[in-house]
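To begin, one chain is listed below as structure tokens, in the form predicted alone.
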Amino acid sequence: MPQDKEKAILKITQEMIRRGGYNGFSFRNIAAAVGIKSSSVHYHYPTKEDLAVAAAQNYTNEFIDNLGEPADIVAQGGNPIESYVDAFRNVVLNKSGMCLCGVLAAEADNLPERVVAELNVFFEKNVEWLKNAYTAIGNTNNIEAKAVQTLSSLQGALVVANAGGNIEKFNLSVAHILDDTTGNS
């Protein structure tokens, strides 16, 4: 299968998971959306678990890569925490559903172990990125707790915004994060 078809499979899988969770996608639905046979999906991803793991890995890598390096953001005059908040805000603005790993984390008790392990990678990489971001802006007091709280707040803000269908609810939910980075708290 050409690489573009494989990317399309992962993209469609991610969209379906973000809107319906682990049970919100099937090989048949993905194949139809991509324009291939479901056997082609099974060829590359023999099981639903394999496909969910690959989708979570891809999502995690793209998310972290798109953020860039916190020190580079600061060097360019930006605030990496604002960039991080904007990454989540764009999910709401683009009506993309929820964070893929946030949706799956809500189902963690009922997911295969390999999928849960991949979710943990997402959250660990995000906490590490946030610790680096807070360090880059010189805000190192209780850095681990601050990073976990920021990630948790943004995941919750996505839930609130999606339930209310309103970006203002997201903005209200995350205002304390930005206040903490600008000294307005």
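Remember, it's a predicted structure, so these values are computed and weren't measured experimentally. Just count from 1 along the sequence shown to find any residue number.
The next section is about a form of this same protein that is not shown, the form predicted together with a further copy of the same chain.
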| item | value |
| --- | --- |
| Contacting member of Leu130, Ala157, Ile30, Leu51, with respect to a further copy of the same chain in the model of the complex [4.5 Å, heavy atom] | Ala157 |
| One residue of Gln149, Ser38, Thr135, Gln57 in contact with a further copy of the same chain, assessed in the model of the complex (non-hydrogen atom, 4.5 angstroms) | Gln149 |
| 4.5 Å heavy atom contact, Glu144 to a further copy of the same chain in the model of the complex | yes |
| Interface membership of Leu93, a further copy of the same chain in the model of the complex, 4.5 Å heavy atom rule | no |
| Distance check, Ala105 to a further copy of the same chain in the model of the complex, heavy atom within 4.5 Å | yes |
| Ala175, heavy atom within 4.5 angstroms of a further copy of the same chain in the model of the complex | yes |
